[in-house]
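In the block that follows, a single chain appears as structure tokens, in the form predicted on its own.
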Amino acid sequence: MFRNQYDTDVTTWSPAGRLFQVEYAMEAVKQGSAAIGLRSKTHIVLGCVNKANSELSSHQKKIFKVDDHIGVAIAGLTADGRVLSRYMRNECINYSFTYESPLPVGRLVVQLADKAQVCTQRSWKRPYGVGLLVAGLDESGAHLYYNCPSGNYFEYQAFAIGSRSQAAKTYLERRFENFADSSRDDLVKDALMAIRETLQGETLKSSICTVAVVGVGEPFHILDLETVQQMIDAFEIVGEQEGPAAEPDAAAAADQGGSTEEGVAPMDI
């Protein structure tokens, strides 16, 4: 993307029918660290990659609890994510006080999308530079939504946003048909596997990822580091066993006189 005469104001249309300021906000989501969500019939799991600005600083919080039955994971501008999560928390409190029942997830997502849409139609405002994965459980079942800075929202079985999220999407697309009947632990395993896909060779450790769960009989909560590390070790997803398994295949190809580089998928996605 580059500057042009149609991107100085969020309310200015280009001749091609585009709002460049909104597209720039959507680009900010792609620059944030990856966030992942997937759901079954009874549980929803959120995961994110923790990135620190330097070795001397702590990482920004990327997963927020909204209510006992709702949580969000964000990618993009963290400050905007905090403001929107606080708005969602207030909406849940007001609804619960008025109606003495939990706020339906779909209604909250629509309110959030309406709030984001207003910023695309006011010249004195800017779009929120953050994407939100909203996980929730209500009377109609488990839900996973993605809220876009443009004001659009979509419901997914599984989804990933942020930098290098395409690798996670590829993994989720291969596995999503099994998610509906998956157990809680299997969902967490798949979330960790998808997170590992976004690391591009970096070793997956509990210190660089956060996982949260909400489900039937289980309020929204973030798993502690020890639990996540035990799951990583138990599922053997660190990748230590993949190296030895690949060597015999390369040796077999060499014996056949073929080139090991032909037909190999590119590593940089």
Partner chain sequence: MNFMASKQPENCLLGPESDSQRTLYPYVTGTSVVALKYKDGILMAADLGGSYGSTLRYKNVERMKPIGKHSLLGASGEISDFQEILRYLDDLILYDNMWDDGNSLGPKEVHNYLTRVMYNRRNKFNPLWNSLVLGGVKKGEKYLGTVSMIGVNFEDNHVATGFGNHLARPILRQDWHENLSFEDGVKLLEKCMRVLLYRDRSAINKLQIAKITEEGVTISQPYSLKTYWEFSAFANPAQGAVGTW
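In this text the structure is predicted, and so the values were computed from the model without any measurement. Residue numbers count along the first chain shown, from 1.
Quick note: we don't show the form predicted together with its partner chain, though the next part is all about it.
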If contact means a heavy atom within 4.5 Å, which one of 106 to 114, 72 to 80, 154 to 162, 182 to 190 is the stretch that engages its partner chain in the predicted complex?
106 to 114
Give a yes/no on whether Trp124 approaches its partner chain to within 4.5 Å in the predicted complex, heavy atoms considered.
no
Would Glu139 count as a contact of its partner chain in the predicted complex, using a 4.5 angstroms cut-off between non-hydrogen atoms?
yes
Decide whether Tyr95 counts as a contact residue for its partner chain in the predicted complex under a heavy atom distance cut-off of 4.5 Å.
yes
Check whether Glu177 has any heavy atom within 4.5 Å of a heavy atom of its partner chain in the predicted complex, and answer yes or no.
no
Under the 4.5 Å heavy atom criterion, name the residues of 61 to 89 that approach its partner chain in the predicted complex, in sequence order.
none
